[in-house]
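Starting off, we have a lone chain in the form predicted alone, written out as structure tokens.
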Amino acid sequence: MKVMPGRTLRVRLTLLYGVLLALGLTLYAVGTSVYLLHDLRKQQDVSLDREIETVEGLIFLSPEGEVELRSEEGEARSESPEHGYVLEMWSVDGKPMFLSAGLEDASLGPAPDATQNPFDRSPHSYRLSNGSRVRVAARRHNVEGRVLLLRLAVSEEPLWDEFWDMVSVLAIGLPIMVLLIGFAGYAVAGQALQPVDEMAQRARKISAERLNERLSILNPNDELGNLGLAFNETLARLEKSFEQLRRFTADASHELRTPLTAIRSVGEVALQNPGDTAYYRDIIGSMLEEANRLTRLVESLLTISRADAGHIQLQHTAVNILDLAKESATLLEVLAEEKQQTIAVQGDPSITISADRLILRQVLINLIDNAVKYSPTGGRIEVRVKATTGEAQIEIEDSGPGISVEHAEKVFQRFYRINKARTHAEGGAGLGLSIVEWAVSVHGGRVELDSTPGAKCTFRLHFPLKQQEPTG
């Protein structure tokens, strides 16, 4: 539907329904008029057939052989067709035998032909020479062995007068009805759209600082109520996103400031205190350690930012999970050996999934690195690979203190750390598990946390199994 510019929805709805109503009433009026005309004509035809039968019973031959009627009264002898019926009778050879005075030497049709086949016909309309419209019925009638051709007619003018009277009433009444209903529809539309105006006025007052406000919903079960609910849900998501953005910005600023402050402090102390080569090597090593931590933080922030923007393109290949798990564990064996820990990788070597190998390896490295950090000296980290119905599972289980229920629901939030008193070397920046959750979800999988406080913690990754290619 073409939108009418510069007009409100209320006006457009009123005009639309007004046009539809006018079209509907016009079609109804046309149908009613056609039916009325058909019904009036049908009644006239029935009356005409009955009268011509009556006339047939009144015809007789005089002793002189002339055709006459037994009664001088009756509608068939009226002076004009406008006031009753008119009659004409013809011989089979086309000679007029009787003409009503009202015809004024006119004829109800052409002179009949002896070869005409047949003369009898159903009632039909005919226009006289003076322009009058009549309804004519024609019959072949036998009088004492003599064949006559009869035509009986009645004027159609009363019928058309009645028809046009009705059309005039409809032509006057329908526009008035459309206008009245249009005004009523305009008022009803205004009442129905009033909640939209109220929602619009309230929405204009909502800003980034007032995202906690919501629209008032009068009836949540109708269409406008659903619109208001959808808008409130959008506001809730925006509020949550803004809150996450504020928290993300504050946490990122804090996390970036910490290593930068450390680098600056170490450098200032080194400049104030003279020392030998070993002293400066220690200072530079501390600065490089903080720089590496800063680099990892920036890389994590860049990964999350690109993931949120949808700019990371996955390069799907067939990945053998057990091989990838062993490769990831090998990269962290040095850290585990420093704490005299054991990393055990086991599982089904045939399990293959379709994934981006680099991203999936980063997921495993993050989880195994967390397990090494939180497991005690001499602890054991187990990585298990197995398959269930339609899924591949990777379990990383540590022997650390576990995670309480209150923290288990938040560990995947950005910059969330269970123990904020830990150093950055022990606890990290709180971005690793956020990256893990994102990476697993973009591969069509999910991550679960199964923790036993005081005993262990298990991260369980679920991935859809790679479909086997059909062999020929």
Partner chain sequence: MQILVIEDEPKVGRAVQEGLRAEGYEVTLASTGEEGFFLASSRVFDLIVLDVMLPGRDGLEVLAALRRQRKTTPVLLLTARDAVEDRVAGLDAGADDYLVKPFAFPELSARIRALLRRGKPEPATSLKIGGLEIDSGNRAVMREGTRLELTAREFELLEFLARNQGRVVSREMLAREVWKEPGRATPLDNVIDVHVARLRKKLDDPFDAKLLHTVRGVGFILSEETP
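Not measured: the values here are computed from a predicted model. Positions refer to the first chain, counted from 1.
This next part talks about the form predicted together with the partner chain, which is not shown.
Against the partner chain in the model of the complex, the set A200, R210 and E243 makes no contact: no member has a heavy atom within 4.5 Å.
The stretch among 159 to 167, 285 to 293, 144 to 152, 214 to 222 whose residues place heavy atoms within 4.5 Å of the partner chain in the model of the complex is 285 to 293. None of the heavy atoms of R384 is located within 4.5 Å of the partner chain in the model of the complex. With a 4.5 Å cutoff on heavy atoms, R139 does not count as touching the partner chain in the model of the complex; it lies far away.
Proximity of E338 to the partner chain in the model of the complex falls within the 4.5 Å heavy atom cutoff. Though the partner is left out of this view, E391 does not reach within 4.5 Å of the partner chain in the model of the complex, counting heavy atoms only. Though the partner chain is absent from this view, in the model of the complex it lies within 4.5 Å of a heavy atom of just one residue from I365, L314, L227, A187, which is I365.
The contact with the partner chain in the model of the complex, taken as any heavy atom within 4.5 Å, belongs to E299 out of D323, D348, E239, E299.
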